[in-house]
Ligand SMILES: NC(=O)c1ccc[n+]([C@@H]2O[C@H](COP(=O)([O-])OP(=O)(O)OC[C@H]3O[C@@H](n4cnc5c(N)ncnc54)[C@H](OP(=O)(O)O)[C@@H]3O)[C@@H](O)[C@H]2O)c1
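There is one chain below, alone, in structure tokens, taken in the form predicted alone.
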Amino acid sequence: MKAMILEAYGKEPVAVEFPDPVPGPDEVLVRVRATSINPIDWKQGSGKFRPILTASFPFIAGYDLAGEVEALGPGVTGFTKGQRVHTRLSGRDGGASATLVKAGLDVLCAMPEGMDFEQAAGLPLAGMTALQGLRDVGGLPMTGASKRVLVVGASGGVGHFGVQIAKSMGAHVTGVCSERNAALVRRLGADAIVDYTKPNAYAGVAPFDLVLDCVGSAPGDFLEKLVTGGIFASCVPGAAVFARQAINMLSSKKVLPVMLKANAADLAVLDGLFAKKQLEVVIDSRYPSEQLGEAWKRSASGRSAGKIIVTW
């Protein structure tokens, strides 16, 4: 198999040939057709987040992938060779940036009808983060959520899913983005837009029951925008989020981190929303596997709208 590897922190990914992996019990071998870029990929590869996020070299980065079942591990049932599947790989060891990848049954789903490999690769990590942030951390029910939700970073990888999932739940959604992405965010279902580049951008904006922050904002900047009992859910939690979480019991407003738990059941929920045309995977750009480093640079620029896809 071919894999794009890092030989040390901060190096550019290079193509290397490895022996084909062999799936074990409760594993499926997938021939990869597309992967997607998430900030964890290049953050892990840079080494800037050590010791919290480390890499073992040679390191095969990436977590999201879509492809076809190449082989089944011993005793595996429920999947067939050639079946179209997608996943967010479990754990924190990466592994997606290769032509053949082993995936656990606990995180693997068959792709729904009408979904192509690029869409399927773009959905898992970002989609599950948004879903778990809204439902598990934010407390929104899957239907009938008559709440006001603010999505910060509404045009990004996680944010554009957050807007759509919140709308499918029944919430009133305000998206925070620049004017250049406002039309996209409205098309995805936002009821209102806040252009963060304008002075006094939040003037006249009513308080929210939930803020889903997808860009790593300081929670203190948003607490006054929450109703009593409101929640600030951070999909990019930093030290300020964890410090504030420690004193939640002293406040009427909660600050909570969103800690992704990859699992097949939640990926199936997202696939169901896609099948019902309530969820769209917006693709910002596409790169061939040999340009993985350029795809990382696009993600690190913070300018992408939707998902960055790598084709294999």
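Note that this is a predicted model, so its numbers are computed, not measured. When you see a residue number, it is the position in the sequence shown, counting from 1.
Note that the form predicted together with the named molecule isn't included here; everything after this is about it.
Check: Counting only heavy atoms and a 4.5 Å cutoff, which of 158-166, 93-101, 75-83, 106-114 contacts the named molecule in the predicted complex?
Finding: Correct option: 158-166.
Given that the partner is absent here, does G302 sit within 4.5 Å of the named molecule in the predicted complex, heavy atoms only?
-> G302 belongs to the contact set for the named molecule.
_Is G138 near the named molecule? Define near as a heavy atom within 4.5 Å, in the predicted complex._
The answer is no: G138 has no heavy atom within 4.5 Å of the named molecule.
So in the predicted complex, does any heavy atom of I231 sit within 4.5 Å of the named molecule?
-> Taking the distances in the predicted complex, the answer for I231 is no, it never comes within 4.5 Å of the named molecule.
According to a 4.5 angstroms non-hydrogen atom cut-off, is L260 in contact with the named molecule in the predicted complex?
-> Yes, contact at 4.5 Å.
Counting only non-hydrogen atoms and a 4.5 Å threshold, tell me whether P39, K43 and P237 all contact the named molecule in the predicted complex. Spot residues vs the named molecule: full contact, yes.
Original post:
Which of these residues, A201, V215, A183, A206, gets a heavy atom within 4.5 Å of the named molecule in the predicted complex?
Top reply: Partner contact (heavy atom, 4.5 Å) among the options: V215.
Out of T174, Q119, T87, T129, which one falls within 4.5 Å of the named molecule in the predicted complex, going by heavy atoms? Flagged contact: T129.
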